[in-house]
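Encoded as structure tokens, the following chain is the form predicted alone, with no partner shown.
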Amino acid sequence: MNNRLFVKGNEAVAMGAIEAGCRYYFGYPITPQNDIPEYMSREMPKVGGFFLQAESEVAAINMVLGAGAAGGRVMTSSSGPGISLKAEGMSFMAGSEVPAVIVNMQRPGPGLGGIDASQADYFQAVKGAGHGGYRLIVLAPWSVQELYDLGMLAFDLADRYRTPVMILGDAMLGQMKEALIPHSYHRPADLPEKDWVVCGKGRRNHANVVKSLMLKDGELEAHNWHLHAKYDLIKQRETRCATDNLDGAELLVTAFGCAARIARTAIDMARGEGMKVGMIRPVTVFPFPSEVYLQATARTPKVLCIELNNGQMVEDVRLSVDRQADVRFYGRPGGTGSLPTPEELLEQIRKHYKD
């Protein structure tokens, strides 16, 4: 399992899912994530798994709900418009506490938009795509290796907290190829048993019921407080963030996903010019690493947030920083020819470093 491979990001997340025990995949084609269902259709039968191309995104997410409620490790994938169609099912899964993994390889929007790299679905992912005020755990990889590694982690988090987990990628990460070192999956010993799954009465004195419709007096309110407490626990336990050179920095650059890859090159170029630039990269965008931003901006109050959109994560950054912090933004909304170059971002770093 330790041979270095050269694979696409879309293939890497599918490889990680299968290694982690995903045996059910339901999806529908949409660019730029079509390599995922293609890979799953070929590889799932080899491990005794089940692949089905549904008649629509709506059908696919409800099949995911059914397989997850029966205890299977199940995944679906799509891109912007498809995720929108899956939103109702995702809300049902959150309300029913059904674990599953949802991959969004983002494309520009709104509407049909385009098929290029974008981070326009940040709001959709971290605020809950559907109705009812639920949250998803949202992982934001920045490399092919992280797509593989976080693809495994996502299933453990889903099972641990009985919640849907989203992997928030984009066209750049999904379509690019780079080195991947595959490794074996090790199931955490403390994952809870799925004694809640729908499997018939059997030898039990009752049959489990998985549902989100709650009509008794006070039942739905109590359930929402239960979910709220779970999301708070996730915030305490599962916040993940990568930082670099924060001590002594005079400017903090923050970005997630593919924008962080480009920003990192620009930061290295800026450091070569003698600028003291630190970097914060959220790996979970929900839960958001607010405490890291608070502590870092108490020392370095100037922050430049870079995104492939018109400004979405920057709102969470502004909510998280020290009250004296000065948060600036630079973004490109996505589309053909709108991917920023490291040189372009270096100019922004120079500008905000001096100002």
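All residue numbers refer to positions in the sequence shown, first residue = 1. This one's a predicted model, so the numbers in the text were calculated from it and none came from an experiment.
What comes next is about the form predicted together with another copy of the chain, which does not appear here.
*Asks:* Classify residue 319 as contacting or not contacting another copy of the chain in the predicted complex by the rule of any non-hydrogen atom within 4.5 angstroms, answering yes or no.
*Replies:* Residue 319 belongs to the contact set for another copy of the chain.
*Asks:* Residue 295 near another copy of the chain in the predicted complex, any heavy atom under 4.5 Å?
*Replies:* Close contact is absent here: in the predicted complex, residue 295 is far from another copy of the chain, nothing within 4.5 Å, heavy atoms only.
*Asks:* Residue-level contact is defined here as any heavy atom of the residue lying within 4.5 Å of another copy of the chain in the predicted complex; does residue 185 satisfy this criterion?
*Replies:* Answer no; every heavy atom of residue 185 is more than 4.5 Å from another copy of the chain in the predicted complex.
*Asks:* Just checking whether residue 87 would be counted as a contact of another copy of the chain in the predicted complex - the rule being heavy atoms within 4.5 angstroms.
*Replies:* Close contact exists here: in the predicted complex, residue 87 approaches another copy of the chain to within 4.5 Å, heavy atoms only.
*Asks:* Let me know the one among 99, 151, 141, 80 whose heavy atoms come within 4.5 Å of another copy of the chain in the predicted complex, would you?
*Replies:* After the contact test, the surviving option is 80.
*Asks:* 145, 124, 284, 243: which sits within 4.5 Å of another copy of the chain in the predicted complex by any heavy atom?
*Replies:* Residue within 4.5 Å of the partner: 124.
*Asks:* Quick check for you: of 153 to 161, 185 to 193, 209 to 217, 246 to 254, which stretch puts a non-hydrogen atom within 4.5 Å of another copy of the chain in the predicted complex?
*Replies:* Correct option: 209 to 217.
*Asks:* Who in 318 to 342 is close to another copy of the chain in the predicted complex, meaning a heavy atom within 4.5 Å?
*Replies:* Heavy-atom contacts within 4.5 Å come from 318, 319, 322, 323, 324, 325, 326, 331, 332, 333, 334, 335, 336, 337, 338.
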